[in-house]
Each structure stands twice: as C-alpha cells, then as structure tokens.
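In structure tokens, one chain follows: the form predicted on its own.
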C-alpha cells in the first residue's frame, strides 16, 4: 500500500511525499521502501543515519532526520507503529512456491509441510510436526513430534528440536492506548537457529517484530524456556529449564543462564557470564563473571549476604 493511504485510514496527519511501503524496518536496517519508528532516545544516533523512507517520531526529534527521510509526527510513536503493523502482516501458511523435500530426508506422513519450504538431506521430521511456509530445515536436523515451526524460520544443520517446541510464534508485544486498550503489534520478522542448536521440549522462541531473533551456533536450550522477540544469543550459550529472556536481550558467547533465571528486555550480557539459578537480571552486565540473586550481584557476594542474614536472624531468635 501507499503510505498516504495507510495513514489516511488510521487518521494520522501527514504532509510528506507519498511512496509505496513494503514493510516496517529498524532504524538501523530499514531501506527507502520501509517505515521505521523512534521510541527510545538511546537510538537517536541511528535516527541520524537511517535510510528508512519515513520514520514515526515525536515532533521534537524531526530535526535529526536525514533529508532523504520523511517524518510521520506522532505523540505516541509506539502506539502508531502498532496500529500500522497489521498492514504488513502476512497471512500465515499462505501458499508461496514449491516445497522441496530431499529424497534422503524422512518426513512422517502426518507432518504438515508448508509450500516454499526446504527440507535438506538427512533431516527427520516426526509425527504431528507442523512446518510453515518458506521454512528451511538443514541437513541432519531432527524435528520431534508436535513441534510447530512458523513461517520463514531458518533452521541450520544438525539441530535438535524437542517435542512440543514452538519456533517463530509472535512475541508478547502490545502498545497501550490512553483508554487502556492493548493494541497488538504484528510480528513480521523471523527466527534463525544456527547449526548444532538444541531446543528443549515445550520451549518457545518468538519471531522478531521486524528483523531476526537469532540463536547462535552450538547453543543448547533446555525444556520450558522462553526466548522473547528480537533476542540474539551468541555461540555455545546454555539456558537451563524455566529461564527466560525478555525481548531484545542480547548475549555474547558461552553465557550460562541457570534455572528459573530471567533477564529484562533491551539489555546485553557479556561473553562467558554465568548466572546461578533464580538470578534476576535487570541491567546489562559484563562478561567473565558469575552472578546470582536479586537484586543481581556477584555470586560470591550473594552467598555472603545470605550467610549474614542467617547468622543475624539466628541470633535474634535466641
């Protein structure tokens, strides 16, 4: 659709040049046929260099736009982005090209395989699996029963996706109106699992809002883990059962997340960081250290704190 037509339907004022919009994109990656938005002042540097055709932003930030980019002025850019996102959402499982299944792959007769999907040699797709449109499943990857892989997901070679896992579902993303309504943000990105990744049973990996949720090579994820939209995990990371990452969390290589630990969104965890069980990660942390507790601190300090509390309250009882 043309930008002017979309904004007219949404009753958003716009006086700039019209163009045909292909999709949303991030400030960093968008091209001239895409719309981006600014909702975080941490991204002002990216706003100054964006190649997006137009950006939804507050009036006070218009002067930072490149001359090639048009301004869509909004008092609530996040909400207007959510309202626009539905225009770019593809209908799921819509036919799109011929599927290819290697004659050296094994696909159970009860599995559902979407059009445009590629299943390479040695792959094994078991009973009840549902594979969406335009999915790639690499060599020797094993998809266990009742796994669901949504459209446009890319799975590398030698991966294991355990039973009941969901790869590529919409993330938990909503904008909130002044009247308290929750407006769905349609997720138009995808998920990429690099080679040698293992996803545990009943684990979910959400697709990106736009862009990619990426799980790095040789990363191992336990059962019942939640990976939010736009997260990026480095190579050889480990996440233990019932842990979770909120959206746009990024991790370096060889990070270990203990069971029932959780990380807030939009933060970065450095290489070789380790987290004890039930850690609460609320800010970015440097790598090469072992953390624990909530509020988060070095694990050795957390243990000392617990010991002091035990001694103090034990003395009080006496």
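These numbers come from a predicted model, not from an experiment. Numbering follows the first chain given and starts at 1.
In what follows, reference is made to the form predicted together with another copy of the chain, a form of this protein that is not presented.
Though the partner is left out of this view, residue 34 does not reach within 4.5 Å of another copy of the chain in the model of the complex, counting heavy atoms only. In the model of the complex, none of the heavy atoms of residue 100 sits within 4.5 Å of a heavy atom of another copy of the chain. Though the partner is left out of this view, residue 244 does reach within 4.5 Å of another copy of the chain in the model of the complex, counting heavy atoms only.
At a distance threshold of 4.5 angstroms between non-hydrogen atoms, residue 254 is in contact with another copy of the chain in the model of the complex.
222 is the sole member of 232, 80, 157, 222 with a non-hydrogen atom within 4.5 Å of another copy of the chain in the model of the complex. Proximity to another copy of the chain in the model of the complex, defined as a heavy atom within 4.5 Å, holds among 192, 238, 118, 73 only for 238.
Across the proposed site, 66, 211 and 268 without exception lack any heavy atom within 4.5 Å of another copy of the chain in the model of the complex. Contact residues in stretch 152 to 172 (any heavy atom within 4.5 Å of another copy of the chain, taken in the model of the complex) are 160, 162, 163, 164, 166, 169, 170, 172. One change in the model of the complex concerns residue 95 and residue 131, whose Cα atoms lie at least 3 Å closer than in this form. Between the C-alpha atoms of residue 142 and residue 95, a gap narrowed by no less than 3 Å is obtained in the model of the complex, as opposed to the form on display.
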